[in-house]
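Next up is one chain by itself, shown in structure tokens, the form predicted alone.
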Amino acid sequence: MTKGAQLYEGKAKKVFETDDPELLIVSYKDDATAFNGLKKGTIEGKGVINNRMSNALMKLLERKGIPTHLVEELSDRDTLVKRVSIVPLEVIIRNIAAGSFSKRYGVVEGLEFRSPTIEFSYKNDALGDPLINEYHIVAIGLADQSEIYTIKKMAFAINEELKAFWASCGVILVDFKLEFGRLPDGSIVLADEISPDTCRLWDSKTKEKLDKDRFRRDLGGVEDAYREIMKRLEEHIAEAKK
């Protein structure tokens, strides 16, 4: 598949046209940002890990009946995906209190919820990706009630699959962000990525952070954490194939 003109460059990825108008190439970068771009840096090798991990997890979800935009991994950093119209929402599933949730509600980090929670943020950098509720989403035309229902159902199903997968790797899935897109026929599919950039992942025994929080909070060992979480994923997949 030929990589054509660049259509978009975001904080962590570039998107390119291909010779098929229905397909795009996503190329993952090592750039890292936090706090809506206020903090910037580089995590060496991050693009390769995020690309490969995201593709592996999307393949897992596809096998479990979750439709995604994934078509084919082309290289360590490049992946062929279906062209979708991104629903301008960040969908956050939380299993344990951490990050902005703990700060917002004064809840101690590490509190395990009685049931998973879901939040929506309006994808708008200029506004700082503010929280938004379902009534507002419908009122301003970001998605309709049917799409919201589908997104919520898929998000909670994804949570159950990923929690079980990461538990088998000795990892706790604390929370994570998802994005969804519309195919030309209007159907909703999982898009974007699933990686240490978009998930909080803690070691099951030590509660050591193995994700982007090491960058956000200046904890050090960022590259080592990304490599460790990728190593566990690959080892689990290899074991499952035996």
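One rule holds for the numbers: they count along the sequence shown, beginning at 1. This is a predicted model, so every value here is computed, not measured.
We do not show the form predicted in complex with uridine-5'-diphosphate (UDP), though everything after this point is about it.
Although uridine-5'-diphosphate (UDP) is omitted here, in the predicted complex all of Gly99, Lys177 and Asp197 have a heavy atom within 4.5 Å of it. Across the options 66-74, 199-207, 52-60, 182-190, residues that bring heavy atoms within 4.5 Å of uridine-5'-diphosphate (UDP) in the predicted complex belong to 199-207. Among residues of the shown chain, Arg94 is one whose heavy atoms approach uridine-5'-diphosphate (UDP) to within 4.5 Å in the predicted complex. For the chain shown alone, Asp78 is not a contact residue for uridine-5'-diphosphate (UDP) in the predicted complex, no non-hydrogen atom being within 4.5 angstroms.
Using a 4.5 angstroms limit between non-hydrogen atoms, Lys40 is distant from uridine-5'-diphosphate (UDP) in the predicted complex. The closest non-hydrogen atom of Asp129 lies within 4.5 Å of uridine-5'-diphosphate (UDP) in the predicted complex.
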